[in-house]
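One chain follows as structure tokens, the form predicted on its own.
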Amino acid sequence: MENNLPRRREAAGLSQGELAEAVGVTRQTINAIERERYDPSLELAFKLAAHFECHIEDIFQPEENND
């Protein structure tokens, strides 16, 4: 799933570790999400959106399948 989490995190002046602590996950989880190697749970997506005071869709965009 595509996302703009790194841009939002950096704009807020947060390290991966600081964001991870704020939403209750590990830094490695934030890193994996940012590198699009891991799709967050719905609960985590809501926590991230709440942290940045935006909608989930403002952070995450599903990949379009043109099959």
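Since this is a predicted model, take the numbers as computed values, not measurements. The first residue of the shown sequence is 1; numbering continues from there.
One more form of this protein, predicted in complex with a further copy of the same chain, exists but is not displayed; see below.
a further copy of the same chain in the predicted bound form is approached by I56, whose closest heavy atom lies within 4.5 angstroms of it.
Using a 4.5 angstroms threshold between heavy atoms, H51 stays clear of a further copy of the same chain in the predicted bound form. Proximity of A45 to a further copy of the same chain in the predicted bound form: non-hydrogen atoms within 4.5 Å are present. Applying a 4.5 Å heavy atom cutoff to a further copy of the same chain in the predicted bound form picks out M1 as the lone residue from 1 to 33.
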